[in-house]
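So this first bit is one chain, no partners, the form predicted alone, shown in structure tokens.
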Amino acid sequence: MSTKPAFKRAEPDARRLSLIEAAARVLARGGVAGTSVRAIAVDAGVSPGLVGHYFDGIDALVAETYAHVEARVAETIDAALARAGTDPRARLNAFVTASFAPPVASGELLATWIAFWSLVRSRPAIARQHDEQYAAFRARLEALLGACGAPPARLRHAGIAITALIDGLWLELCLSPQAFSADEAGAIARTALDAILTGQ
């Protein structure tokens, strides 16, 4: 009589990705305090030893999970830009409002980000990733604002202000989706863009 294998087999890249996705789920459910190699292994349906085979400790896995989540958000924004075509203002609007729809605007993703943010002050690698992600987002936004005619001297402050507005709307939308809709968040963001681009 054959016995069922205790753990699933998968190709190395697929297994690595499944561990990263499991880490994101565990972080979302239990935060940093509830995240361990064992908890991630249980979620992924593998042995703790297999996690150690792919990652040099929990910190390395969390850092890769952060990068993976960042990449998912960037892919969503890229897709929104592709749908917007070549018109500079349409692209700017798409970039700014992409954060207000799934999969970016979701309670699970918010919980994962909160876990990451809690590590920024204690884990230099996570702090670097956060700084790089923020800088890249703002640089793309500033380039889109510039393409729409925003004065170069105002790009830095405009980028900071719009990034803060997006983050605030996204946070409230994830925390209390009944408070306002994604369409309303987009309209608010576009009004702010109008003010910046017209100099009002």
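Numbers follow the displayed sequence, beginning with 1. Nothing here was measured: the structure is a model prediction, and the numbers come from that model.
Keep in mind that the form predicted together with a further copy of the same chain is not shown, yet the notes after this line are about it.
Residue in contact with a further copy of the same chain in the predicted bound form (any heavy atom within 4.5 Å), chosen from L169, L145, L61, V46: L169. Among A150, L141, A28, A41, the residue placing a heavy atom within 4.5 Å of a further copy of the same chain in the predicted bound form is A28. Three-residue candidate spot H53, E70 and A105; no residue lies within 4.5 angstroms of a further copy of the same chain in the predicted bound form by any non-hydrogen atom. Remark: I188 counts among the residues lining a further copy of the same chain in the predicted bound form, judged by a heavy atom distance of 4.5 Å or less. Taking the partner from the other structure, a further copy of the same chain in the predicted bound form has no heavy atom within 4.5 Å of any heavy atom of V37. Although the partner is absent here, H130 lies within 4.5 Å of a further copy of the same chain in the predicted bound form, judged by heavy atoms. In the predicted bound form, a further copy of the same chain sits within 4.5 Å of a heavy atom of A179.
Within 4.5 angstroms of a further copy of the same chain in the predicted bound form, the stretch 149-165 places a non-hydrogen atom from each of R156, H157, I160, A161, A164, L165, taken in sequence order. Relative to this form, S118 and A28 separate from one another in the predicted bound form, with their C-alpha atoms ending up at least 3 Å farther apart.
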